[in-house]
Each structure stands twice: as structure tokens, then as C-alpha cells.
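There is one chain below, alone, in C-alpha cells, taken in the form predicted alone.
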């Protein structure tokens, strides 16, 4: 007996910006099939859990989320598990959670409508699983972009060839692949036509992007940014996440030459000890990382630097951790993300000896975050009294409030704000640890 075809859907995405992009594209796929977006999982006939596998116990959290989808009458919606946990766990997911109907990896989600039909036609107990990493581009099968807010994500590169010893990305996303030049330019045009004024280019190693332009010339990310800068209506360009070894000269120079490229760089270093960086297989040193930071700051002195840090990697000593604190003090971050080391099954680091005790990791993380939080607050305080442009993105919590982003990716709250999508001059009148307050310039 066939299951009823779903009429409504809800996509819940976890983790990185690329998952947010993937979630939006899956929603567009389902809308193109005639389904309507529900206000939440409780009202949806089909729920897509778009998962992240970076942190510890990610798979266990997915099973908890699946259990919460069970309704008071004992029924469940059609459930699809997508993303990196789907890729890593595969057919094990419906074996452990029989209520799951569909499992689809991040390189196969363009087949989601077909998988829905496969699960629906198979009746109760049917399972549709696709975790292939096909050679053909999934992007060719995705629908055109039609609706967009003032900011948009655009995936230009996927996968990773770096094989850091703690990371599952090469196994869940595959090797590094760059989308073709024209495909990226065309999607950027569509996003601008749909309302975007700012586009963030995404990739696991976005600055490894490479392609041939319309004249057949090989270009890196810097060349692509220069081309997008020429699109009428595109006021701001950002990119994330970058690897220190792929900061080419043209990309660094773009920060000096391209006015629409925002003064913000997320360049993860992960640790401040060369011994730990080698154990992580990061393929850069503290010296080479700092050299990249100095190059970018020479090109754009006001650039905001963001980073990622892992504390408690196997074998990390107090001396190694002190080196990380010294690097943080040297760089002076505008913001950063920091985590305790989390062993991922199947990665080399998970079986390394000399694992760091949990209480030691807790202590080190608190000390690191105290320094990073102070740096972020100091960076925000330094913007007091300046006039800058803010792109208004959404309503604030209070009536009349609007929230937008500064060029340095800070949230800026304004009263009696202009329309969402406006790019306005704002005087910064207050600065807190996590946001700024501005007044519309007269």
C-alpha cells in the first residue's frame, strides 16, 4: 500500500553555512515539485533533517531528533535524513530508526524528489537511500533561484583534499571540486535578480576554487570575485571558509582592489603549536600562518580576522596551549570559534594515544574563550563613533528595530530602521560584546 504523497515539508539544517545553503536548495527542489513549506515540523508531511557530522555524538543527536518527530497519535511524518551524518551512517540510519524513510548524502540531494517518490510508492517500511558521490554536478539538476532576501549564500567549491587528522569532511563531502565559472556567475546573477545585495561564497576550502573564465583563462577565487564585482546590484561580497595554504596573491590583492569585497577574513589556524599542527596534518606552520595574516593586513589594514581553534587535541601539553594563547594575542581576532577536541570515528586522531582529559580541555577552552571574547569586545569598542554602511537584514526584537551587518560582519541594531534590504549610513553609538548599536546618519 502506497503512502500518501506529501503536500507540505519542513527542512531543519544544522551546522555550517554550506548546510544552510544546501537546506535552502532542498526547499527549492521540493517547492518546484509542488510542495508547500510548513511553518514547522509539527505541521509538515515531510521533514528533512539536514545534518552536520563535525562534532562528537552528532549521529546520536540525529536519532534524538528523529524520536522527537513522533506525534501524540503515534504517527510520524515522512522523514528524510540528509547531510553529512547521512553520508557517514548510510543505511545504518533506517536500521536503527525504522521511522526514517529517506537517507540522502550531501552530494546526492538533487535526487530528493525522486527519493520521496520512491519511498512513497514503496509503502510502509520502504527505504530510499542514496549516499553516492556522482561525478556529474548536482548543481545542474537544481532549480533556478527565484526568491531571496538581502543576503545569500552561494556554494562555489565543495570537498577537501587536506585530510586533517581530526576531520570527517573528506569522507562525507569528498575531494575538492570547483563549480564552473559560468555556473557560479549565472547563479550569482539570479540571486541578485531575486533580491540579494550581498553574496557569501562558500566552500570547505573556498579559496582553493579554480576555474576557466569565458576567455579560457585560469582564474582563482580572486578573479571570480573581480567578475562578480561587476554585477549590477551586487553591493557586497564575502567568502568562507579558507585554508591558510590557499591564500593566493590575486585573492590577497582583491582585498585591496575590490570595494565590494568586505574587510573580513575567516582563516582557521586551529592551534598555535607547530608540533600540534603537524599532528593535525594542517600543512602550515605558525610562521606561515602569521605571514598570511600580515599579507592580508598590508592589503586591507582595517580587515577583521576570524578563526577556528581546537583545544585538547591528542598530545597537547600546557606548553602547546600557551603557544595557542600567544598566537591569539599576536593576531587580535575580531571574532572566533573555539571547540574542545572531539574524536570523530574513522579519523586518524580518534585512535591517537595521549588523549587529553575532559577537565583539562574544559579549563583550556574557558581560558581561550576569555581571551577571544575580550578581543571581540575590544574590536567592537574600536568602532564607537565611526560612520559606516549597514545592510539591513531583518526585524529586531522590539517594535521599530532593524538589524543589519557592518562591513566587518558585526550585527548592528538601529531604531526606526529603514526597509529590509536597505544599505544605509549609520553612526555607531554603542558597542557591546556581541553587537553594535547605530543611529541612521542624518
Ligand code: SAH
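Keep in mind that this is a model prediction, so the values were computed, not measured. Numbering follows the first chain given and starts at 1.
The form predicted in complex with this ligand is left out here; the points below concern that form.
Not one of 333, 388 and 435 places a heavy atom within 4.5 Å of this ligand in the model of the complex. Residue contact check for residue 310: one or more of its heavy atoms lie within 4.5 Å of this ligand in the model of the complex. For the chain shown alone, residue 150 is not a contact residue for this ligand in the model of the complex, no non-hydrogen atom being within 4.5 angstroms. Remark: residue 273 does not count among the residues lining this ligand in the model of the complex, judged by a heavy atom distance of 4.5 Å or less.
A residue is said to contact a partner when one of its heavy atoms sits within 4.5 Å of a partner heavy atom; residue 341 meets this definition for this ligand in the model of the complex.
This chain is displayed alone, yet in the model of the complex one of 94, 268, 223, 263 has a heavy atom within 4.5 Å of this ligand; that residue is 268.
Residue in contact with this ligand in the model of the complex (any heavy atom within 4.5 Å), chosen from 120, 292, 241, 355: 241. The stretch that touches this ligand in the model of the complex, counting heavy atoms within 4.5 Å, is 333 to 341, out of 366 to 374, 333 to 341, 209 to 217, 181 to 189. The partner is not shown here, but in the model of the complex the stretch 201 to 234 reaches within 4.5 angstroms of this ligand through a heavy atom at 204 alone.
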